[in-house]
Structures are given as C-alpha cells and as structure tokens.
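The chain below stands alone, shown as structure tokens; this is the form predicted on its own.
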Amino acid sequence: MRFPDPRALLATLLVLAAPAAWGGAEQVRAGILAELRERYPALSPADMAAGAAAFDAARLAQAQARQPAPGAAEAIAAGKRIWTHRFAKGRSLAGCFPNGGRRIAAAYPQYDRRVKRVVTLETAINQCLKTYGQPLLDPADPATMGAVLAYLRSLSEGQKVAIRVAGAAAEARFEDGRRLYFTRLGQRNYACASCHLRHAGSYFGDAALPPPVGSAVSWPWLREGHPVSLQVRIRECLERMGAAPFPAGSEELAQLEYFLAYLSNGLPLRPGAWRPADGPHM
C-alpha cells in the first residue's frame, strides 16, 4: 500500500489540526487512540510499540529475531563509559541524576516550571555537563549522545512511560507539540499526521509508516549498529517531507517528543529495538 494523493487528506487534517477539536492532553490522547482503534481494531497500543512491524508479520518476526539488536550491547557499553566518566572534582553524569539514572527515563521529557520549557533527556544530560564546565554532547551524534541515551534508557527497561502534563504551561507546550505534528511543512506539504496517524502501515517511498502511539517506547533504535534517537528520527522524517529539519536539541523537537511520549503513557520501555537500514524507519 502506497501513500495516497495528499489532497484526499485535506479536509480531515484541517479538522484534526484544530485545537478545539481535541481539548487538553488527555483528550488528545484519547482521541488519537480512538482513531487508531477504529482504523486498526486488531492492534492494541502495546502492539503498536513495534512500529511499522505491527502491520507486517514478516517484519515483526525479523525484528523479534534480532533481539537484542545487533550493536546494542556495544552502544550500551560505550554509553556507560561516558556516563560514569569522572570529570571536575570527581563528578560524573551519573551523579547529576537520582539513583545514578536508574528508573528515570520513563518520566522524560518533562515540563520544568523553573526554566519554562520542556526538558528532554538530551537537555538534562547537557545541562549537567554545562554545570561542570564540560563539552556538550551533540544531540544528533550516535557515538556520544546516542550511546548515552542507549545506556540511560536501558536502566529503565520495563518501566512504564509516565509523562505528566500538569498545569496550563505544560498543556501549552504539549499543544505546541500537537500543533507541530499536524502542521503541513516542506515542499511536499505533508504533516507528520498525514503519514503516521491516517496511514500507519502504508509506505512513504521505501519507508514503512508506524503509528504515533508507541513511538516513544523503543528508541534509541539500532540501525546498522548505530543508536538512533527519537529526535534524530523526527529530523529524518522532516527531510523526507522536503522540510528543513528543526535544529538538533531545539525546543520544537522537544515539544514534538513531549507530545509523542505522552501518547505512549502506560507502555513499558523497550529500548534498543532493531530497525532495518532500507530507509529511516521507526
């Protein structure tokens, strides 16, 4: 099944993109879950955590046969070395987080009232480094930030996603993420929702399309042995849409991740999933 003429989606997306049609964060989540249940009644939210493989038995079997994913152990080990490396006055990244970083990843991203912005794991990691005068990690670099995320999220494997959207300011940032998800961008004039909400299980070129629910569960994915974060994946998607990607580590990417992570609330983290190399799949 290939992606259809985008003109057929215009009326539907105009309705879905209107804030009044959705309400607050929980109403948005309920509406998207209802939409997906209606279109794919055989799939539960937990099934959708498999991404595009949820719609393809052969792809699902292939992914299950590659658990743990090739390269996952190496990425986790590299991340652990960076995480535990001692810098100024014996400090380390591990010392900046509760319990050395164990069982915290399922609560990120989170809205921080003090800085009035969404804080992702990448943001929190670089804030720790900045505090101690250390070089920041490039959020788009799989060898450094990707590896650290692979290790840190492995410390929360099995924990259920628990993203909070509490208060008007947090709701506003969630709404920013929802709006970006439904906004048409780039030369192809698509929105993220054009593909992932209405046509999950179809293809955009050679890229199989996963649903939005579950997309926050299994990253960083391992593609050709390299860890790929959710924000890196979003930037790849924007390039496919013919849009200029938001800068790595930007507020726009943080807000999109906040929106997508909230949709996966209640699903257990399963980081380090395998993804094929024939296009930037989720």
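Note that the structure is predicted; figures quoted are calculated from it, not measured. Just count from 1 along the sequence shown to find any residue number.
Just so it is clear, the following notes concern the form predicted in complex with a small molecule, a form of the same protein that is not shown.
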property	result
Heavy atom contact within 4.5 Å of the small molecule in the predicted bound form, the stretch among 39-47, 25-33, 60-68, 225-233	225-233
Joint contact, Ala78, Phe97 and Leu155 to the small molecule in the predicted bound form, by non-hydrogen atom at 4.5 Å	no
Among the candidates Gly101, Pro210, Gly146, Pro109, the residue which, in the predicted bound form, approaches the small molecule to within 4.5 Å (heavy atoms)	Pro210
Answer option from Ala124, Ala191, Leu137, Val165, heavy atom within 4.5 Å of the small molecule in the predicted bound form	Ala191
4.5 Å heavy atom contact, Phe204 and the small molecule in the predicted bound form	yes
Ala254, heavy atom within 4.5 angstroms of the small molecule in the predicted bound form	no
4.5 Å heavy atom contact, Tyr181 to the small molecule in the predicted bound form	yes
Contact test in the predicted bound form: Arg173 vs the small molecule, heavy atoms, 4.5 Å	no
Inter-Cα distance between Tyr203 and Glu239 in the predicted bound form, nearer or further [3 Å or more]	farther
